[in-house]
Ligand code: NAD
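First, one chain by itself in structure tokens, the form predicted on its own.
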Amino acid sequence: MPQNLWNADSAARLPDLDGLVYRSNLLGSDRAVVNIYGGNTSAKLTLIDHAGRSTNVLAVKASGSDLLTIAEKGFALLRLDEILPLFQRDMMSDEQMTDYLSRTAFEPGRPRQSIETLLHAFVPFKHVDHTHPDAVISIACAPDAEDQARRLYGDRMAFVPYIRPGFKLSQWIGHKLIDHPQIECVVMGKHGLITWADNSKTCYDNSIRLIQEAEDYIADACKGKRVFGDLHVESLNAADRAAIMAQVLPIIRGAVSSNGSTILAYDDSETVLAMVGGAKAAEVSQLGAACPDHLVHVKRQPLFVDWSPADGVDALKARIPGDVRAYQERYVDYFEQNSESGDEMGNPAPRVILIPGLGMINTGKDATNADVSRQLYHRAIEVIGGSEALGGFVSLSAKEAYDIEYWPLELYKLKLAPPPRDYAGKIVLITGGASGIGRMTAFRLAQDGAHIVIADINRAGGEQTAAELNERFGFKRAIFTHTDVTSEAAVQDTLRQTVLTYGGLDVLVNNAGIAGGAPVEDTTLEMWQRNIDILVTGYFLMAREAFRVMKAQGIGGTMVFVASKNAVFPGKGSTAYNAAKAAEVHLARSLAEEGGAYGIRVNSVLPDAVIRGSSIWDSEWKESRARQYGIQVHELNDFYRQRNTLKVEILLEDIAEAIAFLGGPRSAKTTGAMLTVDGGVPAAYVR
């Protein structure tokens, strides 16, 4: 239920644009009122321009921003007196309107205005809200939408059948308010709600009051009804759902990634499970999208998988690739039936996948986009359910949907985006990622778009690294998994968490390491075994489980083993470490041979003496190395620098760059290789 959250003290402290920012953030805080990235708000202001002139200005939410988080800089500022004469025109194309509005900018450097800017300009009130409340859209998508809206609001409302946003819709609403000054709102068929007032608080109060009336109306209609039909498929318990999804998500990810790497989000909330288990779910889910805001992020239809737990998980795994292909074929038909000359088809893969008994999977180019799809299909569930309670759900038609999905103004935004980076949409698991080489690599790959799993036994360091990655690179860009690489169960759980969080795995960086050793006669069995357990068995366990996930995806993958110069040129007094590192590179080459048939590449990086910032070079190991070479501890850096051909110190970022190369597309035809990053140690030259 929408709550009136207005706080006079808070509003007074945040007077930006006459309360517009504060009001917008309040509206955006309830996704049942305004969809994520949806809706728009405005205020008509009097501002002083650069020449000291008093100017009437329209402040309107810019395209692509979100009301929940929008700040003052997120609003376009336009010269209102240059916009209002457009009301007298007979027609303007979207392109003409956009070009004209861009020339009315009051202040340079502001973001691009919304396509619904004229709607706000033509409403003759100082403050305007355009929201997408679930309850109002349920009414607007009923078979008798105008009659339903009239029963609720009576003569307080004007109703407009669906018209794509733009000049015509804006002008129509402006005329309605001139002809019927007593009305309180406009309900737009399959679209949303418009409200207004001459001050920000009253505008907000009106929006919340009218939305509450609609919610009460829908709640009353839903009483005693199963809007998605009687329960047809019961949900599995949470543990069983997770166990099945850990097997199924990589297959889904492989099937939907033919047009580029995809991140998945899994949702098994009660709302979703109740919907997908209903007897009518398969039918009503395919009717279409409720409104433009939903369509852009969930597509016209989800993929509904006709499966029940009684069929068994093997049947589901076998079914998914064919169902995705069939969905893509239907999408191609939809495109061909509605496209115009010059249109280029977008990604035909589903954005939403519904599976009875299990829940919903959402897809996106990154975690943020997958989550936006997830959030908006929750809104779709509420809207469809409300419409069904009123007698049925009437969606946008296929042509209406296409004209939104392939709207030149929407496609224009995509063209402005920079080309995808090397690791865009990629999922990277880094063992030993809490510090040193692993931590540096995490930041290096995240910079190129990767989603990072920090797997480390160091909980505090791992959690901190993941938190810093998320703070710098955005929503869900990294997770931490507490991992002991010597434990088979722990490694398997890490891969399970990776799959359930992101859907699969593209790159494994086997980096977890230790340092230490002794001359052979001083090497204890415990010392030997610890090196073997971490550096060989740990690498094997991680590689094996990663191999299984990558093979299930069917889209290839890469592994990078962080070995050592010691793998090919042993250092004195570190027999166990030398042997373990040699085993690593041979394991990598063995896996390269096995993985080739599946497009899985495996390569090794061989660093030497990465001392600065490395957690394994503790005081004991430094002292041991210094004794071995007959020098002082403080002389180690210079000793290692002077022994290589280039006379350089090897840094963490040098290794991270080598890993980025071997793990990414620039080395697409390289496997089984060893790349030395040691400044040139002649005895370690690979032969």
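Each residue number is its position in the shown sequence, starting from 1. Just so we're clear, the structure is a prediction, and the values are computed from it rather than from any experiment.
Just so you know, the form predicted in complex with the named molecule exists too; it's not on screen, but the next bit is about it.
Asks: Select, from the options 555-563, 327-335, 163-171, 309-317, the stretch whose residues sit within 4.5 angstroms of the named molecule in the model of the complex by heavy atom distance.
Replies: The contacting stretch here is 555-563.
Asks: Spell it out for me: taking the named molecule in the model of the complex, does every residue among 456, 607 and 615 have a heavy atom no farther than 4.5 Å from it?
Replies: The answer is yes: all three residues contact the partner (heavy atom, 4.5 Å cut-off).
Asks: Using a 4.5 Å cut on heavy atoms, which of 287, 274, 534, 251 is close to the named molecule in the model of the complex?
Replies: After the contact test, the surviving option is 534.
Asks: Go through 497, 206, 575, 486 and name the one with a heavy atom inside 4.5 Å of the named molecule in the model of the complex.
Replies: That would be 486.
Asks: I'd like to check something about residue 512: if you look in the model of the complex, is any of its heavy atoms closer than or equal to 4.5 Å to a heavy atom of the named molecule?
Replies: Residue 512 belongs to the contact set for the named molecule.
Asks: How about residue 438: is it within 4.5 Å of the named molecule in the model of the complex, going by heavy atoms?
Replies: Residue-level check for residue 438: yes, a contact with the named molecule.
Asks: Mark residue 133 yes when one of its heavy atoms lies within 4.5 Å of a heavy atom of the named molecule in the model of the complex, and no otherwise.
Replies: It does not: once the named molecule is placed as it appears in the model of the complex, residue 133 has no heavy atom within 4.5 Å of it.
Asks: Spell out, yes or no, whether the shortest heavy atom distance between residue 255 and the named molecule in the model of the complex is within 4.5 Å.
Replies: No - in the model of the complex, heavy atoms of residue 255 and the named molecule never come within 4.5 Å of each other.
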